[in-house]
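Only one chain is included here, represented as structure tokens and corresponding to the form predicted alone.
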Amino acid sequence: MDFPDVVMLSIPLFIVLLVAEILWIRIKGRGGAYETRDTATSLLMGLGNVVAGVALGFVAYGFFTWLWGFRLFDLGSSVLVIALCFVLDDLRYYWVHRLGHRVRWVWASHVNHHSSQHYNLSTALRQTWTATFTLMMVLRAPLILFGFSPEMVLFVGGVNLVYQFWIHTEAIDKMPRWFEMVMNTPSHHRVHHGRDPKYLDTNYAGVFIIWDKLFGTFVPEQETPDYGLVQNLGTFNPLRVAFHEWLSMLRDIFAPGLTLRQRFAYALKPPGWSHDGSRKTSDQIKARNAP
């Protein structure tokens, strides 16, 4: 089966919905806010993500096709197989996303998505340029080895990404209760983008919020989050947004006077870890602000 590139096909829909949200906010006077420079940065980040995907996509695809030669089964491409692949890949996404907040090497790529202090559909387009360098593609290896084709795995990953576009909005308050119980929604994902201590490192879900409830990382929305990073960047420069954490991490790793263990820790420990305790991780921030 030939699987379409659903992300590229969805770009016109993204634009239409983004314009519709802007008009809704202006007409209703509520449901979020847009700031011209912030939106421009998000759009440039999205464009850079597309360029990086075209330039470096062969790395992941080459790895997946190589793995396909060692598969245990060939499950085919029936509707049920695609559906199962979608669910399992969403579980994979949960763990990649969780690692993206708990391992600084992966956070260096993911941090740009959290760098906006606004929460609207343009924020969904603020995507990484450096995902290939995190090597998180290896978490898809079990799917391919078990018998889901590389094309199918990439397809369901694209559907997952397209689903997540609409949840980046304040224009939708709550979905029906049954939907909120199972699916990721704007309310759940607003929490994930909050820099409030109680909201840090929560609601990692892509499509199904049940993973957060199963693994103990779910927090319901109580009040409107304060969006952005614990320490906001204060810039709209897309180059700085894309690479600031990589540069900061490399400065820490190669700082003089550190042990080899400390250098590795600066890459593999959670963001905010420091060898001298001068900074705070999200766990420490949450503990300090616990009631």
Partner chain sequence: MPLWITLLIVAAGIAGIVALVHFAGGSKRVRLDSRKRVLDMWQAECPDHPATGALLEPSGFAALIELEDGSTGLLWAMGDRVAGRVLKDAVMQEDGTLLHIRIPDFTAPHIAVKINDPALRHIWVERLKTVLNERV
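Because the structure is a prediction, the values reported are computed rather than measured. Numbering follows the first chain given and starts at 1.
What comes next is about the form predicted together with its partner chain, which does not appear here.
Chemist: Can you tell me whether residue 213 touches its partner chain? I mean in the predicted complex, with a 4.5 angstroms heavy atom cut-off.
Modeler: Answer no; every heavy atom of residue 213 is more than 4.5 Å from its partner chain in the predicted complex.
Chemist: In the predicted complex, does residue 118 come within 4.5 Å of its partner chain, counting heavy atoms only?
Modeler: Yes, residue 118 lies within 4.5 Å of its partner chain in the predicted complex.
Chemist: Report whether the minimum heavy atom distance between residue 195 and its partner chain in the predicted complex is within 4.5 Å.
Modeler: Yes - in the predicted complex, heavy atoms of residue 195 and its partner chain come within 4.5 Å of each other.
Chemist: Quick check on residue 262: any heavy atom within 4.5 Å of its partner chain in the predicted complex?
Modeler: Contact check for residue 262: no, nothing within 4.5 Å of its partner chain in the predicted complex.
Chemist: Using a 4.5 Å heavy atom cut-off, which residue among 59, 249, 52, 40 comes into contact with its partner chain in the predicted complex?
Modeler: Looking at 59, 249, 52, 40 one by one, just 40 meets the 4.5 Å heavy-atom criterion.
Chemist: Taking its partner chain as it sits in the predicted complex, which residues of 14-28 have a non-hydrogen atom within 4.5 Å of it? Please list them.
Modeler: Contacting residues: 15, 18, 19, 22, 23, 26.
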